[in-house]
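Next up: a single chain in structure tokens, the form predicted alone.
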């Protein structure tokens, strides 16, 4: 085996080992309207966590946004909808429709979320320090930066 071949194998090994770590990172594209409107009430979830159909359904009815009227003027609504659509998730999100074929609106109901959190007891989400599975920042300190890697998880008491 030549020196070049050995170096190539080492490089390929390093790349292969780094892939799983990157699987739980989402690039966080910046959009001032999205950041201002969405992050004013909750974590501005990475758009890749839902597919375009789910984001479209959510943005088309903001009067009933998880129990809150989050209506926006049309210009801002379209700006955010276009941003979400352009940056929406693909295969990585898993199934994002319910049994009737309707788009899922909750990230916590996606196949990926359920698979990644299967070891977390429902009682953990009821802790005062967490309150909800949608409170990503309770356990993922770097969620706002798109980092959901296991090494950064700290489940509060």
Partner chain sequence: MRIVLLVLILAATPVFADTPRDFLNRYEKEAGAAGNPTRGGQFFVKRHGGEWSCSSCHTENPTVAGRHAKTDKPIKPLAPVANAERFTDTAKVDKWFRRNCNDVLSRECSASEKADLLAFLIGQK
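Small disclaimer: the values here were computed from a predicted structure and weren't measured. Numbering follows the first chain given and starts at 1.
One more form of this protein should be noted, the form predicted together with the partner chain, which is absent from this view; the next part is about it.
Heavy atoms within 4.5 Å of the partner chain in the predicted complex map, among the stretches 112-120, 90-98, 64-72, 49-57, onto 64-72 alone. Although the partner is absent here, residue 40 is a contact residue: one of its heavy atoms lies within 4.5 angstroms of the partner chain in the predicted complex. Residue contact with the partner chain in the predicted complex: residue 131 places a heavy atom within 4.5 Å of it.
Interface residue remark: residue 135 is counted as part of the site for the partner chain in the predicted complex, having a heavy atom within 4.5 Å.
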